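This document starts with one chain, in the form predicted alone, laid out as structure tokens.
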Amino acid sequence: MKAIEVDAYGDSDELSVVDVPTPEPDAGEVRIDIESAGINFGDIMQRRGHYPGGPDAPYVPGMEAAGTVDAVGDGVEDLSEGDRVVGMLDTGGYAEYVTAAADLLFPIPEAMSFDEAAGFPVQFLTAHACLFEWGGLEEGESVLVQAAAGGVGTAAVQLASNAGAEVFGTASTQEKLDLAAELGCDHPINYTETDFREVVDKETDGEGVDLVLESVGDDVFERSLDAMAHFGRMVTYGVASGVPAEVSNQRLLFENKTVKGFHLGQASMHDPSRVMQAVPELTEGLAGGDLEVILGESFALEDAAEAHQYIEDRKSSGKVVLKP
């Protein structure tokens, strides 16, 4: 089968098309004939070699994939050949076929396309966990979503707005700001032109927001702390800048602020039921039209390097997918 391989850590040109054996499912696994593979910024961080605990090169990247079950391993009772499924992976999604643990897969709703399904697991489960279980967001509170037009950002804006929160969101272009506003962002902020803290201070009478979803690191992390209210919370779930942030415990102490970390893969490994419990609510929202997977560009599998560079150049909005 054809797959994409990270030959060595580095730039997007380290992605190449290779021929590898088609995998066979072990006990508790199924094999998926992939129709669409989601690209996540974590894939790019892994490729750069900046992802703690990430795979050693060479490897086939890809953390989520949607397709049809075409082989079932021993002990799998709830899935059969021909079922449309989507799920999370350690690696391997940039390929024509992949094997996956059956307990991290779930059926694709009839009305959902494979592209939409491939854009669902990582971004919506991350957004939901960061907002509600880790972030404790309640109706009437305010939330600042960094990168509000990205994959997780577009999911978070919708979920927060539907929950009755006042939503602030940052993005880099007018097109992305318009998208965030359409999804329910009350205060879209162009971070290339405006200090988001100034907007937050103005709109909250200097109080700050109750919750921040932060995925950038570096100085954005520190300035996000500045934008938080007394007793505010932050959930950090990424380091898109490539520069990890540091925080003073003395500052948290005297400002009564809370910072939590969330990593979907690690959370799923240690307690999958805690993460997957949101799936019925999310799939119901998607099926009923209350939520929408925002799709960006789609690329052919062999154009994975171009797709990575497209995201790194900050041209993308919503979910970028690969099509085997």
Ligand SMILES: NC(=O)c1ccc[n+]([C@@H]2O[C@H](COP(=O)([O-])OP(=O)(O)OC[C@H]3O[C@@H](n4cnc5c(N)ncnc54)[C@H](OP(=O)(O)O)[C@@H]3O)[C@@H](O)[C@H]2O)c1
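Quick note: we count residues from 1 along the sequence shown, nothing fancier. In this text, all values refer to a predicted model and were calculated from it rather than measured experimentally.
The protein also exists as the form predicted together with this ligand; that form is not presented, and the subsequent description refers to it.
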item: Heavy atom of L291 within 4.5 Å of this ligand in the predicted bound form; value: no
item: Contact test in the predicted bound form: G54 vs this ligand, heavy atoms, 4.5 Å; value: no
item: Distance check, G119 to this ligand in the predicted bound form, heavy atom within 4.5 Å; value: no
item: Close approach of T194 to this ligand in the predicted bound form, 4.5 Å, heavy atom; value: no
item: Whether A156, L211 and G232 all lie within 4.5 angstroms of this ligand in the predicted bound form by heavy atom; value: no
item: Interface residue in the predicted bound form among Q174, N162, S80, S241, criterion: non-hydrogen atom within 4.5 angstroms of this ligand; value: S241
item: V216, V199, V72, L104 - the one with a heavy atom within 4.5 Å of this ligand in the predicted bound form; value: V216
item: Region of this chain that lies against this ligand in the predicted bound form, out of 294-302, 27-35, 277-285, 259-267 [heavy atom, 4.5 Å]; value: 259-267
item: Members of 124-152 lying within 4.5 angstroms of this ligand, judged by heavy atom, in the predicted bound form; value: T126, A147, G150, G151, V152
